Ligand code: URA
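Read the single chain below, which is given as structure tokens and is the form predicted on its own.
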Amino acid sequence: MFVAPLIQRKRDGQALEPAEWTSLIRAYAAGTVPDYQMSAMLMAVLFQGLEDSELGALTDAMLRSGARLEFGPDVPPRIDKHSTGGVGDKVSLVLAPLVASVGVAVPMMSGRGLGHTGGTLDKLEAIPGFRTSLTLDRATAQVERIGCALFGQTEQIAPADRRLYALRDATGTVESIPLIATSIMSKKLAEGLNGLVLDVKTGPGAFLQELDESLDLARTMIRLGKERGCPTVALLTAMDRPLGMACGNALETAEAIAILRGEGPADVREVTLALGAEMLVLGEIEPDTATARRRLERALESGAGLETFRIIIEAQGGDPRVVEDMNRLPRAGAVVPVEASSDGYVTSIAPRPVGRAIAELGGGRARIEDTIDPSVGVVLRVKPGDQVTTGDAMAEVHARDPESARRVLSLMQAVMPVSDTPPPPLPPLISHRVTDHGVEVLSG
């Protein structure tokens, strides 16, 4: 096909016809459109955006480029959750087994960490033996048998999106709302869902840092889901500080297990329960979020969520004993404290530099094919607003060796400045709820 005229039209702000997007994506997936031409198209979309008809056409074209999960009539409602990514965000590891334990089927397809953010697959693979590479048939069978599968995007699912995602990363076109929305929704719609809950991060540590951008992304994905028979709800959650205390793959997995035990940080628990309640309502398991939340709290207290996680780990080849003995997770060779250099109040904890510190330790990626060390990371001991005295341990650096830890100590101290005066209160952890009816501002 002749691609140059399409690029020129999109460059000049004109809309392509749905059939043109279909043909373009089909040709790109077949290898007859070269990367350099598709890169030019992605850059044109970054600058000019997509009209509603184009959004739908691009989503459908990527969805149709591969297979979908198909379930029998006896499978419970299938509801998934997607997060736009942040630092310390281990919610999926808690949420999926917890929601599955109360009767919602969760076919959760996740990704790997890239840049300053962590990835659910990397955290799961910190569990010895855990396999995230499942065929569609195996993932489907596992969801039908135990109510949940935690797996990565296979070559069968939206293969055109796989190619485009890698190209976007290489061409600086990741932070485009139309491209983010169509990429996420093409994959999620392939899961055979009855509903989807979105955790849209906003703040300095999010991919989209401004509130207006986060709301725009949420509305776009909700519209795409509704038009394709997948009711979608979004919660906007804060990423102006790391979520929880543990940042790094094995450390975050341990923290997720702690929450399933009824322990762990309150902020991770709160986000998990809020998202889970929305999932139960979408699945028509409970009539409202308050009732749904109480049901999830009971599943935490009874240990039902923890037991479901143990079953999932065993089903996917992992060592189920980690739920009782977290020392079976990879452990760093050196743990070095980050000490307060003065008395005062922790004014902030910037999530992006924390993510970069983890990457410097070997726990993150610059490219998707990079190998990571699951044992390294940072454990925070304070939150913004906490009072410290000189010499207090504000955090711990978990590194391969003391020398590696020392290389990031100054970075971590700069990430956690101390002032004589307390900082203003943090923004609400969960600020907005977005549905196809509009935006609700939450009190926090």
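The shown structure was predicted, so the numbers you read here are calculated from the model rather than taken from an experiment. Start at 1 with the first residue shown and count on from there.
Beyond the structure shown, there is the form predicted together with the ligand, which is absent from this document and is the topic of what follows.
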### Task
Could you spot which one of 300, 200, 184, 257 gets a heavy atom to within 4.5 Å of the ligand in the predicted bound form?
184
### Query
Of these, 285, 167, 334, 180, which has a heavy atom no more than 4.5 Å from the ligand in the predicted bound form?
180
### Query
the ligand isn't shown here, but in the predicted bound form, which of 341-349, 275-283, 190-198, 172-180 has heavy atoms within 4.5 Å of it?
172-180
### Query
Is residue 151 a contact residue for the ligand in the predicted bound form, using a 4.5 Å heavy atom cut-off?
no
### Message
Taking any heavy atom pair closer than or equal to 4.5 Å as contact, tell me whether residue 207 reaches the ligand in the predicted bound form.
### Response
yes
